[in-house]
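Just the one chain here, the form predicted on its own, laid out as structure tokens.
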Amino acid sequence: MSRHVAVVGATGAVGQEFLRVLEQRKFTYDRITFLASSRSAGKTITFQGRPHTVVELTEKSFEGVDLALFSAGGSISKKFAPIAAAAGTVVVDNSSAFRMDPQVPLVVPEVNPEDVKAHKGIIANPNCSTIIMVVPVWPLHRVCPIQRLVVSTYQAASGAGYQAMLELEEQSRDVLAGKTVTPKILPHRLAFNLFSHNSKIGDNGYNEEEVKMVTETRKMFHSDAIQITATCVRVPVPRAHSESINITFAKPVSEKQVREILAAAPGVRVVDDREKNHFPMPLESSNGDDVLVGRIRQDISQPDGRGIEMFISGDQLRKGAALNAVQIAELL
């Protein structure tokens, strides 16, 4: 069977990262089509050294398409992913549209690759912060069940798209030049500042990003018993999210055990040099595939030995989005 691949939202930040990942991983296909809104239709994208014309996304775009990688926002996914699936296309969707749909697998290949088999035409890519967290947390949970996770995020501008990255750069220049800064993409000035994640706050005081980390993790771990709480913050970093994670295990776990498990875990690289005070940084995780893990230590507030603290950093556009989606496609 020929493999016709479509990339939906090919001109966006994650869409562009899709292309880089597909090329770097030598993903095999017979034909590739780049789809986007009418605004971007007609533009030229260079992929694998050849120019490709961007085609407008329509209800007929998926005839003969075997695989579609979606990264064009929730409203586009809600409309077009079911149309694609009905046409026989397998959709890997990067939006939040189907993540909590019980009929749609939510997959991180290092965590629950077997769930891919249950798809009915659509597979969901988790939220970027959730992906980066579960890659190192899952191998620990497999060895010793986790009872509670407390996570605080340090999320880069890239999580709000390419225009937000440009806005951070522009704001930084303006602040240094003594100019007035007027936010356009993000709700507050990000340059030389940080603020609570710019997603909607619910009645319980948690924002949507925090809720995603709770519900998506439970779905992929197939466990509603694990207790999770999150505080998500936007920080003035162009690319790559970082997270502080406090874990409570069901039984005592040593720092040595955690290091050994993480050293052998797929998609994880331990960066934990206490002597040189060198630990995970977004500067070093940017453009990389691995989630960097460090600051691994026993939680002194849990004297029974069941607590571990660690700090992680991972590229939101790669493992947090495009790479994970391509890895799902590879599983297929």
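The first residue of the shown sequence is 1; numbering continues from there. Since the model is a prediction, treat every value here as computed from it, not as a measurement.
Note that the form predicted in complex with a small molecule isn't included here; everything after this is about it.
- For Ser61, no non-hydrogen atom is located within 4.5 Å of the small molecule in the predicted complex, even though that partner is not displayed.
- Of the heavy atoms in Ser129, none are within 4.5 Å of the small molecule in the predicted complex.
- The closest heavy atom approach of Ser71 to the small molecule in the predicted complex falls within 4.5 Å.
- Not displayed here, the small molecule is approached by Tyr162 to within 4.5 Å at the level of heavy atoms in the predicted complex.
- Looking at 279-287, 294-302, 33-41, 259-267, the stretch with residues near the small molecule in the predicted complex, meaning non-hydrogen atoms within 4.5 angstroms, turns out to be 33-41.
- This chain is drawn without the small molecule; in the predicted complex, the residue among Cys144, Val235, Ile76, Ile228 with a heavy atom within 4.5 Å of it is Ile76.
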